[in-house]
Ligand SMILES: Cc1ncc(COP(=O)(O)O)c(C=O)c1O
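Only one chain is included here, represented as structure tokens and corresponding to the form predicted alone.
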Amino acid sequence: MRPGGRAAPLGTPAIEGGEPVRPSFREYFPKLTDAEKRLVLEVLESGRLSSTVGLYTRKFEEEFSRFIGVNYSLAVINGTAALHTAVASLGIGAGDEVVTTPFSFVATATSVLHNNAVPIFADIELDTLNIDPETIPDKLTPRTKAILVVHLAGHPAEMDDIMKIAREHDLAVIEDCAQAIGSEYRGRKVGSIGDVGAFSFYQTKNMTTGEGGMVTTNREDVYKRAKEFIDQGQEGRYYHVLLGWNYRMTELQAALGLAQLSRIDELNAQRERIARIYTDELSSLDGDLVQLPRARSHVKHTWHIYQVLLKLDRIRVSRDRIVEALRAENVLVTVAYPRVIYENPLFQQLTGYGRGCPWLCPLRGGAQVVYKPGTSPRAELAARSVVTLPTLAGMTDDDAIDTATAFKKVLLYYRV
């Protein structure tokens, strides 16, 4: 240790002329087993590639409902489609508002815009990076129809508080579970608590179908509307009752999903192991140079990613320079997310569908929305200071240790 309790430096960062922690960069991809290959081959041999004639999509939906603990699941082509469908399934549309978090992937908010409604942004808790229930009531108006919650990085949001607000104001609750397959809040799996949930099975998710998603609900009316919405708005063949899309999942995706779902506890345990290594290896920096993520005692965290907040006043370079230096060490780091959603031009310029729609829709009664700096100060701070460490399938313990070593090396070099 250095005098004053500081850890000794680990050498000069590669970006400053030193040797990198790893000699070369490595990418990580899902490890598919014979189970995935067998089911995909069965689909190929059957020739039934569409869910309209196949069996695997229905099986996947049934197994997913059983896993989450809901009455209904509906497989779709990707996570964005799942969110779009979830919002539509509640009848949310022109003139309506949905309160959500600004610290998420943009699809959280654009799923609202795609239904001609307007997203209104609350703020987040800095320890979980999830929506802060205390900031929701001030964002409610007579136009508010729902609260869209994100279980970010696999840590469930505070659903008791959110559901209480929703009941008091007669609002629906949408759960964005894209990063939280298998996460639990007080013993209940996310996606089973609100009115409707949306999951993603993208390449990097805890389980994957390459692309793919799922909508979950306990409400028959929500399921019926969602089922019509993803099938061209059809109530019956060639009988179209609403403006819908073709969001149907393919049988090949569903076959992959069935096999991956059978392994989900194993896949989540692998992520948890990587996260535990990060916490152990980086504990000496916690509270001094960084804030490490933690799981609250009443939740099950599935660690889709490992979000670290830098204490920027104790580091003499920007977050982006830190990320650049880490990548020069040949370790994989990202920034999720480098800006809050409303800082994107789409929201600053109210691009939408053009000419200010849906923000200027006459059904809003002249109500205006301005996404100005300071709207969500804690989220803006997180966007400036977050660094994302991977917990990807295919990572080994040594990969995690190397990533943590590079992180310590860079942070200690650039500390004030």
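As the structure is a computational prediction, the values presented were derived from the model and not from experiment. In this text, residue numbers run from 1 along the sequence as written.
Beyond the structure shown, there is the form predicted in complex with this ligand, which is absent from this document and is the topic of what follows.
Colleague: Is G212 one of the residues lying within 4.5 Å of this ligand in the predicted bound form, judged by heavy atom distances?
Modeller: Although this ligand is absent here, G212 would touch it in the predicted bound form, with heavy atoms inside 4.5 Å.
Colleague: Evaluate I322 for contact with this ligand in the predicted bound form, applying a 4.5 angstroms cut-off between non-hydrogen atoms, and reply yes or no.
Modeller: Residue-level check for I322: no, no contact with this ligand.
Colleague: Hey, in the predicted bound form, does A86 get a heavy atom within 4.5 angstroms of this ligand?
Modeller: It does not: once this ligand is placed as it appears in the predicted bound form, A86 has no heavy atom within 4.5 Å of it.
Colleague: Would you check, heavy atoms only and a 4.5 Å threshold, whether A178 touches this ligand in the predicted bound form?
Modeller: A178: yes, in contact with this ligand in the predicted bound form.
Colleague: Going by heavy atoms within 4.5 Å, which of 78-86, 250-258, 132-140, 155-163 lines up against this ligand in the predicted bound form?
Modeller: Every other range fails; the passing one is 78-86.
Colleague: Between the options Y278, W303, Y337, Y342, which residue brings a heavy atom to within 4.5 Å of this ligand in the predicted bound form?
Modeller: None of the others qualify; the residue that does is Y337.
Colleague: What is the one choice in N268, T100, N115, S104 with a heavy atom within 4.5 Å of this ligand in the predicted bound form?
Modeller: Going through each option in turn, the one that passes is S104.
Colleague: Sequence order please: the residues of 123-158 with a heavy atom within 4.5 Å of this ligand in the predicted bound form.
Modeller: Heavy-atom contacts within 4.5 Å come from V150 alone.
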